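So here's one chain in two forms, each on its own in structure tokens, numbered structure 1 and structure 2.
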Structure 1
């Protein structure tokens, strides 16, 4: 088969870090080609070189047999016919679907935008993708899955014959994921080449033909998915055997002491009549499909959102009506949010400051914050959690997703939080970092802390939880108190509202 993309001896350096080292491999025309590796392996950097985001690099990129060197992302779209669908779908919610798809490349009639042509062109693409929405619809009314389809429609509007998808299913429901896979198969049949980045290995086996593996900025190998096992894939990615599915390595230290009690808690349309208890030393799992109300429950307990009814008790004491996040922090309650990029850390601060921000009183010398104490604290957690690169002075936003998550964990561990809520703790995190996070969770409960883990990944909550609560449409529909009851079909039945 002809080659759509060839990377020849690609090197990329950032100050103090050699990110990509002599990367060479090729992608065939009309295949779905996975790009795999741990967080920080260099996948995003390589895609950014391909798409003209990083024009400064060493080596050669060849598209359809011709050497290219794009000066920016627009150059790649216009002259390379290649588009990238980002993990966080980039849309302007106040505009229509048609305006978003054509943004910056609108068809013109004289000096003005030709709206009739714009809408008919975009509607033709949406019809081809089997979308249920139209070019005239407002983007603000679309679901996450529909916004992902909009991003693909944008790529097709530019007649892209190479499309890269970066964690495309991260915010999608199971039904939306199935719809996306149908579109990918259709594009493949039309000869479009797809580069697919995902940490969900089951997706790789479902949709991809081959996978190229990166590890620590180096190319390892390209595997034929049909002839590869899950274990071989993981071993190639991390260089060692890692249990990809969460599992407890130590006996549960759960006691009968109740540290958190939620009693008939409600919050308007978000959730209603939610009651449960969390025990000392317990990992309590919360499962549900997107929109079940799990995140809203946790934000209300933490004081980020207001309740409309019910009560929360911490160590037997009822929380007052003016409960907020500051009071939660002082009471030893922490929240690792689902959206770490916008809510998890300060974008313009380095790792040291992001780890110290919730426990500043620990680093005081007299009236002033002692930078040396903060540095020592950050260095301790970097070592403890195996954060890469070992640069406490790095901006957290420049770290990979898994390492950002470890920095956020370091903050709550520094604050000596007794009860920690994890909302989608391993979203966009590779298998090795997942194993590391699960190990940290077990260490935390062994040291007397209590955890709530909210996750959309069924193997994760089944593997890590002592007890499992399932929500659907703002209500608790099931509670499983014994690992023997953890059956996928049973859990999914509860999650779609069954009894």
Structure 2
């Protein structure tokens, strides 16, 4: 088989770090090739080199037998016929789908944009992708799954024969993920080569032919997926044996004391008549499919959204009508948001400051902030969560996606919040680091805190929670109080609204 991509001795350095070390391997034409490794292994960096985002590197990139060196991302798309689909697709919200797909390369009639041709060209691609939206629709109305499809449509508009997807399913519903896989299979059948990055290993077994493993910036091996087990993949990624499924290691410190009571809470169309209690020392799991309304419930409890009915009680005290996030934090209630790009960390701050920002009182010596205390605190979480690189002085924005997530978790874990709600805490986090995050959660409840963990990952909520609530379409559809009731099919049935 002919080779679509060959990496030859690729090296990449950022000031002070050698991120990719002599990477050499190749990807065959028409295969779906996974790129796997722990957070910070170098997956996104390698893709950025391939796609011209980082024009400065050492080594050679060969596409279909010809050496290339793109000067920017656009050069790669237009002259190399290769495209990368970002996790957070960059779109111009006020434009139509057609305008976004063709942006900068609109079909012209004389000096003017030929909108009729634009729409018919783009509609042809969209129908080929089985999309339900059309070129004339506004992008502002699309779901994250549809945005992803828009990005793929853009790649096809530019006749890309190599398409990279960097954690494409992180915000997709199961249905959208299935639709994406359908499209990937179709593209593969047409001879398009796909590079695929994901921390969801089950996806790798569903759609990938081979997988190349990176560890700490080094190439380890390329495996044939059909001949590899899940444990072998994990072992190759982390270099040691790691339990694939998380569980509790310590006995639960759950007490009978109710710290949070939610009573018939509603918020317009988002969710309706939600009631539950959280006990001191408990880890309460909240499972549901993407879009079930869990995030909205949590935001309302935290005071980030308005309720339209019902009440919330904190330590038996009813929250007043003017409840807001500032009051929540003062009262010891915190929410770790799902969307780290927009709500997660300060772009201009280093890791130490980003971890310290929610607990500044802790580091005061007299009137002054004690830098040493801040550093110690950050170093503790870096060690516990195995953050790479171990550089508390780095700007958080220069960390890899999964490591940024760990910095955000560290910040909330070091805050003095008694009740903490985690919304999709391990999104983008690799298998090994997940287990370490669960250990920290166990430490938190052992210290008298109470946690709610919202997650779309079934093994995660099954493994970590004392009790499990399941939501579907804005309503609580199930509650499991006993670990013996934790049966995958039962939980999924509640999640799709059944009973």
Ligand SMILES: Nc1ncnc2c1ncn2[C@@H]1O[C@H](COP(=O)(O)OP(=O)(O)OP(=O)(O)O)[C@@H](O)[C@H]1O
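If you're wondering where the values come from, they're calculated on a predicted model, not measured in any experiment. Positions refer to the first chain, counted from 1. Just so we're on the same page, rigid core means the largest C-alpha set that superposes within 1.5 Å between forms.
One chain, two forms displayed separately, with the form predicted on its own being the first of them, structure 1. Once both forms are overlaid on the rigid core, the distance between the two CA positions of residue 73 between structure 1 and structure 2 is under 2 angstroms. Here residue 388 counts as shifted, since its C-alpha moves by at least 2 Å between structure 1 and structure 2 after the core is aligned. Relative to the superposed core, residue 360 shifts its CA atom by 2 Å or more between structure 1 and structure 2.
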